[in-house]
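What follows is a single chain, given as structure tokens, in the form predicted on its own.
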Amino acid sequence: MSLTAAVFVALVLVASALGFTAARRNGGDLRALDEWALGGRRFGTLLSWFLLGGDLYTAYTFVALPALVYGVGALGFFAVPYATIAYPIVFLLLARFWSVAHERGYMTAGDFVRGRYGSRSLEIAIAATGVLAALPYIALQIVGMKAVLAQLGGIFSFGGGAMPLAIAFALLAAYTYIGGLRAPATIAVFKDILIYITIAAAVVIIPHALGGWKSIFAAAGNALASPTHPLPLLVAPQMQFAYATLALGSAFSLFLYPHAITSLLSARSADVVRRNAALLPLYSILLGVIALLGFAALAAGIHAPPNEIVPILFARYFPPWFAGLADATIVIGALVPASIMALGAANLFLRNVVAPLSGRAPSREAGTTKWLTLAFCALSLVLVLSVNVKFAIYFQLLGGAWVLQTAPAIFFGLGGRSLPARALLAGWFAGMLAATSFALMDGFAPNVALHVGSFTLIGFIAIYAVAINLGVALLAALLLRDRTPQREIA
């Protein structure tokens, strides 16, 4: 085994060991769903910081984002403003969501919708959407791991990396099954330390090897402008609306995912949520730096599938031992969020899809949720193997387009008055149909061109779909004229 592979394996095993020991911390009966899925709602500012960072800065950050910049240029930098825009939303709206959920004992967005509107149909729709949106996001983590395994080669690429992936997911499943949310929260601390080390090295070593950032930008501009890759270095005028809508749509969808809500509700207090909303924009700096690796790969003359460029950069310019550390960072950065995503989706599915249909109380159904967690990981693996997308980030953006259709019910529900449940349900159905139809039009590409006469507007499918969602919901509210008193929330 090479030095790179040895360091990689050692660090992945250390992370897994941390996950297995997490169950012993903070006490609590892990047979209770609240303890297993939300850590007993006792996470303070520091642990919530690492958990949300581990939750939201994933293989998306290290693999998918630079791959998009490598493939389409500066349009890929939409992730930097979107991550920044998302945190005021958390500060203003989702801290309020935490307060309501804490007072009423809610564990999911589906719980909130049921309590706010008293509609089982809307509850199931919102919950099913969250589960559906989580699957492609978990799939993105698998794509990131596959990219690293392909670069490591040897036994790590055996069978297309199927065996090492299976081992990695067996470890993930085992420590999540045993420790619940405490496991990925503990590993997230270790993962973020590795991220800081890797990025600090990358911004020094790689630019130095390529002649500095000025040379990188010049070479990347030439590569993007070549006849085989005719794209501008900066965002083209016709794509500026797409850039803006990608940032805006992604910002509003980011904390609607089951795993993000799970992390929020694990916080000890609303003040913990607000403090993290104020501090987490620091991670946006890391996003911008990592995205620049896409330009570095162009400057280095790397010709490979976009999802593999970052592991190739690490292998080419880092010492072997440090390349192993960087590769482990990507894989651990995929395992941590995959664990939270699967856990959050399983909890949502059990409480708000299975329970309403079966009539069973889910309060102590931690055992069932554990098995569902494994099932959702397996479904995401099937998704990766059966659906081929040009860029890994397309998986996440598709999930974002779906989960954004839950925004009207949740955000309106945080106000004193809202639209009727039946109107919101009609809007949700129209939005989901539109988002899925747009995605299927062009190989799951996130942008669609709308033509009105000679005018063409290219934008993010999620924004178009949620506009349809809101339009149908408002129209339905007028037609239904449902004057049933709305439920008040504290």
Partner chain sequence: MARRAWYWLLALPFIALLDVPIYNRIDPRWDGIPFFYWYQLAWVVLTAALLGIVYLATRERAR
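Because the structure is predicted, anything quoted here is derived from the model rather than measured. Residue numbers count along the first chain shown, from 1.
If you look for the form predicted in complex with the partner chain, you will not find it shown, but the lines that follow are about it.
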Taking heavy atoms only, is Phe295 within 4.5 angstroms of the partner chain in the predicted complex? yes
Is it the case that His102, even though its partner is missing from this view, gets within 4.5 Å of the partner chain in the predicted complex, heavy atoms only? no
In the predicted complex, does Gln240 have a heavy atom within 4.5 Å of the partner chain? yes
Can any non-hydrogen atom of Pro81 be found within 4.5 angstroms of the partner chain in the predicted complex? yes
May I ask you to choose, among Gly153, Pro305, Gly115, Pro281, the residue with a heavy atom within 4.5 Å of the partner chain in the predicted complex? Pro281
Residue among Ala162, Ala315, Leu233, Ala173 with a heavy atom within 4.5 Å of the partner chain in the predicted complex: Leu233
Given that the partner is absent here, state which listed stretch (270-278, 333-341, 163-171, 371-379) has heavy atoms within 4.5 Å of the partner chain in the predicted complex. 270-278
Candidate spot Ala74, Leu248 and Gly288, all three in 4.5 Å heavy atom range of the partner chain in the predicted complex? yes
Across 81-95, which residues bring a heavy atom to within 4.5 Å of the partner chain in the predicted complex? Pro81, Thr84, Ile85, Tyr87, Pro88, Ile89, Phe91, Leu92
